[in-house]
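Take a look at this single chain, the form predicted alone, given in structure tokens.
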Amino acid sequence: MSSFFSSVTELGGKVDFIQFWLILLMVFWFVACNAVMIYLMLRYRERSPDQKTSPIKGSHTLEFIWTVVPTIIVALIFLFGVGAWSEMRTMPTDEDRLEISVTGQKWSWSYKYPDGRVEASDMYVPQGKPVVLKMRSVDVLHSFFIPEFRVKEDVVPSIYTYLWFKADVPGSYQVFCTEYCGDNHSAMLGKVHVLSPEDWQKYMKNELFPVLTPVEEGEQLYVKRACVGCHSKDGSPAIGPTFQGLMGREEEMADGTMIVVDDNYLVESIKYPNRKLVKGYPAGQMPSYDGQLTDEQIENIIAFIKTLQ
């Protein structure tokens, strides 16, 4: 059943199965009801001014049928639906399950694995293994959605929410935020990469991707951590100051003081963006990356910024 409707996850196949029959039932009853209505309009239309309406008598049999049959159909839909919903909401207890901590913030996703590694924007999971996502937000309400897996869950500040899936087909699948969370809501994208057992072993041994230079990793983080949505690298205006020519530039702060941009200022701005605001840019636009980026990752971003002179 699930292989016919969805080839990615078994749970997705069950969701597709229910949706398919719901649509099929709606189409059937729409056509049937309108066909009967049109037939009766034509069969019993007025043919002459003197035509009298035939007497109408009630039918207990007909009333019984149109009450009991829809009730049975709705009950079956409920049973199938609550079964799929229960499976979707019951986290697997398999000993080999993989639990990943997901953090949502304006406007990016990050993923922390049991071994301590952190991925930004893209999540990597093994094929055929239950994956449990333990999710939270550090700012506003978000919603984590993987359309191909047919799973979605709100990501809420101050509490943890959970989501799980088991992907059976290797490939890359799109992640969306489906809760409006600010200016760059539509850019809060990501990918789930389902890896074959061989590629998963390479990933765990850090052998799947080539080693990047600090500048290359900094540029990659610039995109993955959504810096690109607020800071241009070509001088064009954006939500925040452009990165082009930023290093060594003298900036006027909101309090009127002048600061020359150096490594220390950039580190402070990345970790605590509201401490020293550039004049003309409102507070609260940029989230804090303190604890979200390692010191090495921040150094690599700064190395990338230095190349944009």
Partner chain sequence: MSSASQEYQPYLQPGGFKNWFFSVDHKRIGLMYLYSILIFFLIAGLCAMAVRAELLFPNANHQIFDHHGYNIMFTLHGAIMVFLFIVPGIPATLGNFLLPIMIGAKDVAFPRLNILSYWIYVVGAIAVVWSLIGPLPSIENGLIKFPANWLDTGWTFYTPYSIQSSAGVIPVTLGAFILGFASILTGLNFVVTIHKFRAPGMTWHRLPLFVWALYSASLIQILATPIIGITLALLIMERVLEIGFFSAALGGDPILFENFFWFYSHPVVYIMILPAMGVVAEILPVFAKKPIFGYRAIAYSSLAIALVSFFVWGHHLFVSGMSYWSRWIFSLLTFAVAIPTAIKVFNWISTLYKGSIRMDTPMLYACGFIFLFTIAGLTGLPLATLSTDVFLHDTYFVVAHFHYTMQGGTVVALVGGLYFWWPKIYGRMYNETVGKIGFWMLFLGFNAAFMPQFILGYMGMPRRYADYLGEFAELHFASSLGAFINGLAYVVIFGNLLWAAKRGKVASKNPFNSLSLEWTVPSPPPLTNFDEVPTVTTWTYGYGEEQNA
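Positions refer to the first chain, counted from 1. Computed from a predicted structure; not experimentally measured.
Omitted from view is the form predicted in complex with the partner chain, to which the following refers.
Residues within 4.5 angstroms of the partner chain in the predicted bound form, judged by any non-hydrogen atom, belong to 82 to 90 and to none of the other stretches in 213 to 221, 115 to 123, 82 to 90, 197 to 205. Think of it this way: in the predicted bound form, the partner chain has a heavy atom of just one of 145, 173, 111, 164 within 4.5 Å, and the residue is 145. Out of the listed residues 151, 131, 192, 230, 151 is the one that sits within 4.5 Å of the partner chain in the predicted bound form by at least one heavy atom. In the predicted bound form, at least one heavy atom of residue 58 sits within 4.5 Å of the partner chain. Contact check for residue 33: a non-hydrogen atom falls within 4.5 Å of the partner chain in the predicted bound form. Contact check for residue 169: every heavy atom lies farther than 4.5 Å from the partner chain in the predicted bound form. Within this chain, residue 209 is remote from the site of the partner chain in the predicted bound form, having no heavy atom within 4.5 Å. Applying a 4.5 Å heavy atom cutoff to the partner chain in the predicted bound form picks out 15, 18, 19, 22, 23, 25, 26, 29, 30, 33 from 14 to 33, in order along the sequence.
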